[in-house]
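Single chain ahead, written as structure tokens, the form predicted on its own.
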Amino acid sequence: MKKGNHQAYLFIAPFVIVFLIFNIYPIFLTFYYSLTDYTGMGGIENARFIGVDNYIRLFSDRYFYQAFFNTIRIWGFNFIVQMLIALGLALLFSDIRLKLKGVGLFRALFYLPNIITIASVALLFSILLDWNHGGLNQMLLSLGFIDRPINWLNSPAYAQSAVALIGAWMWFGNSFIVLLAGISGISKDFYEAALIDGANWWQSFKFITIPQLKPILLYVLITSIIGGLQIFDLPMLLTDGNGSPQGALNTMVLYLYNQAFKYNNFGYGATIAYGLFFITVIFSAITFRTMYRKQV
């Protein structure tokens, strides 16, 4: 190897050092903490090694299972609504029959909620969903749809639905842009040939759009799984931080946060973090395998 090639390592060394310190080292340290009863007090020398006791506890922890199913319900509803809106709009704006104008403007408008800080979003919707003076209750009362105010954030079903819909509103613009880019990359020759052969909209969508869009759909689904299983900020900010009402908003990351930083149980919190990691990997692998299974 030439001398000049050795000098190139000096240029990438800062990135490698920072990556090892702030990315790789915390991963191994967290795994070590998951094997201890570390309470966060003092240094690593105060962590007593207890083996796999935390993992055994995790498998029998009903609160973790509750948090898991809460997260799945919120993410599932969020993803369905988000994809229906994003895919519907992407198909609408890419339809060669309609030839709608102003796509760039609508891309910016749809993506706008994604760049608003989550604290601002939580404050906005906590005001809108307020029981006594919230705008949503006032509007429904004035229209005659309800006869008394609904306490949206005090009902498990309403609270989970609210968080899911807020998340869908925030992220559908991002999915819309990705799906629109994927559909725009499909050759228009396919659609023109299908149009000449008399194919209707549904046939073009089923036999052209979906097969060609499968890699993009896989990307959107897996990134949604990764993000959805880590939902924390909205449940934390919209409620008391404990997962109220009745634990309906106690997601896995919120449970992890409370265990580690509220109850000073860093060892068990680290175990929950690794449990969440393996769940995410399993869900992603199942999704990938399902979408790319061999066709008979």
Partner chain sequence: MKNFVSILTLIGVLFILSACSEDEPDLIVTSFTDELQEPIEYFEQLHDVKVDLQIIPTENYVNTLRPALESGSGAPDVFTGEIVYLKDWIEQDYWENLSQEPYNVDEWRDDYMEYVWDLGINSNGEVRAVSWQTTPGGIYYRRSIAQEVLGTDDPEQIGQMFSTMEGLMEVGENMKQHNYRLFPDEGSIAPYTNGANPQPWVNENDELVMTEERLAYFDYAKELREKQYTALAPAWSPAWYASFTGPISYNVGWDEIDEDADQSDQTEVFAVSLPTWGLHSVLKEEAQETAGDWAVTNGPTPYFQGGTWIGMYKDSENKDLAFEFIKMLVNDQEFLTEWVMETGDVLSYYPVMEEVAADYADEFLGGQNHYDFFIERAEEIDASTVTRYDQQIDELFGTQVGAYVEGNLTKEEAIEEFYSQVVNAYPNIVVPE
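Positions refer to the first chain, counted from 1. None of these values were measured; they are calculated from a predicted model.
What follows is about the form predicted in complex with its partner chain, which we do not show.
Enquirer: Check Tyr65 for me: does it contact its partner chain in the model of the complex (non-hydrogen atoms, 4.5 angstroms)?
Expert: No, no contact at 4.5 Å.
Enquirer: Determine whether any heavy atom of Pro149 comes within 4.5 Å of a heavy atom of its partner chain in the model of the complex, and answer yes or no.
Expert: Output for Pro149 is yes: heavy atoms within 4.5 Å of its partner chain.
Enquirer: Just to confirm, Tyr158 within 4.5 Å of its partner chain in the model of the complex by heavy atoms?
Expert: Tyr158: no contact with its partner chain in the model of the complex.
Enquirer: Might Tyr32 be said to contact its partner chain in the model of the complex, defining contact as any heavy atom within 4.5 Å?
Expert: Tyr32 lies outside the contact set for its partner chain.
Enquirer: Among 189-197, 202-210, 132-140, 74-82, which stretch has residues whose heavy atoms lie within 4.5 Å of its partner chain in the model of the complex?
Expert: Comparing against its partner chain in the model of the complex, the contact stretch is 132-140.
Enquirer: Go through 262-279 residue by residue and record those having a heavy atom within 4.5 Å of its partner chain in the model of the complex; state none if no residue qualifies.
Expert: In sequence order, Lys262, Tyr263, Asn264, Asn265 come within 4.5 Å of the partner.
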